[in-house]
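Encoded as structure tokens, the following chain is the form predicted on its own, with no partner shown.
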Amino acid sequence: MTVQPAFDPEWYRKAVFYEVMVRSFKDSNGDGFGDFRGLIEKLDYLQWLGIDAVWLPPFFPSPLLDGGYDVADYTGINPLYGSMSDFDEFLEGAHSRGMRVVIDLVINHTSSAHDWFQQSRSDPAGPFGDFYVWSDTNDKFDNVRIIFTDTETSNWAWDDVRQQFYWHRFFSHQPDLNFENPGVHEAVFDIARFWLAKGVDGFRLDAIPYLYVSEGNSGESEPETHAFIQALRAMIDREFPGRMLVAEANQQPREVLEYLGTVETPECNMAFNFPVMPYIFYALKSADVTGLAATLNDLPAVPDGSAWGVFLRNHDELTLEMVNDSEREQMYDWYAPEPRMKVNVGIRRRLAPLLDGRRDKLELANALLLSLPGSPFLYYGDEIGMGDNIWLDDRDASRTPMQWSAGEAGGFSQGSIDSLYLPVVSSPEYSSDVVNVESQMTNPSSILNWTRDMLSLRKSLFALQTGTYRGLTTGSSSVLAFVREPEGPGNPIVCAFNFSESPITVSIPGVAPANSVLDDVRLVNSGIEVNEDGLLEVELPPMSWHWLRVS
């Protein structure tokens, strides 16, 4: 077990997370795959950037038919990424720099290559015979929707060995575990204990709503699923205090809230806020913040000690499941004019191309992300404005090698170009010759240095870390404004964002008493006074924003 960072049971509420796929970050041995030794080399970069916690998607042994989410061994390291000792050294290196490490716990399903499944199919009466959901027919659970609509026509697949159908909510090579079996519970607990004993600081619970399925129900968020999470949380709090769980539940906020549980029966410490994300992109194209403001204003209060996880992009598609049909079609028109840009019910593109590479939109979107209630999750490469490659299969479009420097391999690998697990982005505006860490670190005005400065500024503003959220009236459908009030010491911060291509002046009531003075935290001598009528008059250039501190 590594030395843990200073004990703080609510560290995740103040943290900035950084998602990095091991195979995508840095190749240390020239075989074309990123690895843990390469990640170790770049820990100083992450510390310099201002990252508090690193989130690693699966790095376990896997056929890699789904980016590693098809797990073949939960307590091993994929040899492509190194050894267990390499992982231990990475964990120690992160902790010694004050950064925590969160890993994926993929427990809804395994790979069909997992030994549990191989034994289940070959020996139905054996100890693993009931580890998966088997049926003689494929007409059970017909109320349950298909998630991967592009590739799957049924949630059942036929197994020639066992001569039965098995249940899968995702790809057919990912059979679902049978959580009706207490042995599955114990196996999952043992996996969690293994990594927590090593020193990891928490888990992202992948696809957590789908653990249980029953006849006549949707197979999502069934009561037994919540009971299992409560038991998992209780074990972790009892045996490994200070560690955390974050729920990936792509549902409406009030449904997601259930995954946080209550103070008396806690479940996850955090949950991703999926609905807010697509409305940010809707506002960036429509210049209309109505849907975004309504979604934020309707967010339910989270239990004490809990937090939302907020993000712009990650390793999956930009999901559009949380918007209505007309909004979805409009967003497809805006953001996915080429059919290959779509996947499932979403869009497989990175942040910078989605925003047409425009610096003002990148700054506006990221400033909003760092202002929202909850802890921000950044996706590797977005801090330098990396591009994507829509001609790659499935969601690999936005999982290309990190661009560290100029050159064909982008400083990712010393191996041959043909050996790379995916090609480096080569489009003219996003190639590694144009977009890379090395050139941006030496440029004070780069998006990389801007991001670093913003993360540092946010750390100094307690209201933006754990403060409450209150929406403000602006009188303009293009301007979003709200105030974040700190829990304890510190000043309230008024945040205002103009999503329009035109300058707008708004008068905002209810910010502070008449004659109060607010100052822009990024500028010197920038006082703005609340007038005698109690209105704060704010001038906002096109695609601009303010963080205003109430004195």
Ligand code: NOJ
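Throughout, we count residues from 1 along the sequence that is shown. Since the structure is predicted, the reported quantities are computational estimates derived from the model, not experimental observations.
Beyond what is shown, the protein has a form predicted together with this ligand; the following relates to that form.
Asker: I need to confirm a contact call. Of Arg121, Arg204, His168, Arg313, which residue comes within 4.5 Å of this ligand in the predicted complex, counting heavy atoms only?
Answerer: Of the listed residues, the single hit is Arg204.
Asker: Name the stretch, out of 33-41, 515-523, 61-69, 490-498, where some heavy atom lies within 4.5 Å of this ligand in the predicted complex.
Answerer: In the other structure, the partner sits against 61-69.
Asker: Against this ligand in the predicted complex, would His185 count as a contact residue? Criterion: heavy atoms within 4.5 Å.
Answerer: Because no heavy atom of His185 falls inside 4.5 Å of this ligand in the predicted complex, the answer is no.
Asker: Within 4.5 Å, heavy atoms only: does Arg399 come near this ligand in the predicted complex?
Answerer: Arg399: contacts this ligand in the predicted complex.
Asker: Consider Arg100 of the chain shown here, and say whether it contacts this ligand in the predicted complex, taking contact as heavy atoms within 4.5 Å.
Answerer: Arg100: no contact with this ligand in the predicted complex.
Asker: Please tell me whether any heavy atom belonging to His109 falls inside 4.5 Å of a heavy atom of this ligand, as the geometry stands in the predicted complex.
Answerer: Result yes; His109 sits at the interface with this ligand in the predicted complex.
Asker: Within 4.5 Å of this ligand in the predicted complex, counting any non-hydrogen atom, which residues from 341-359 show up?
Answerer: Contacting residues: none.
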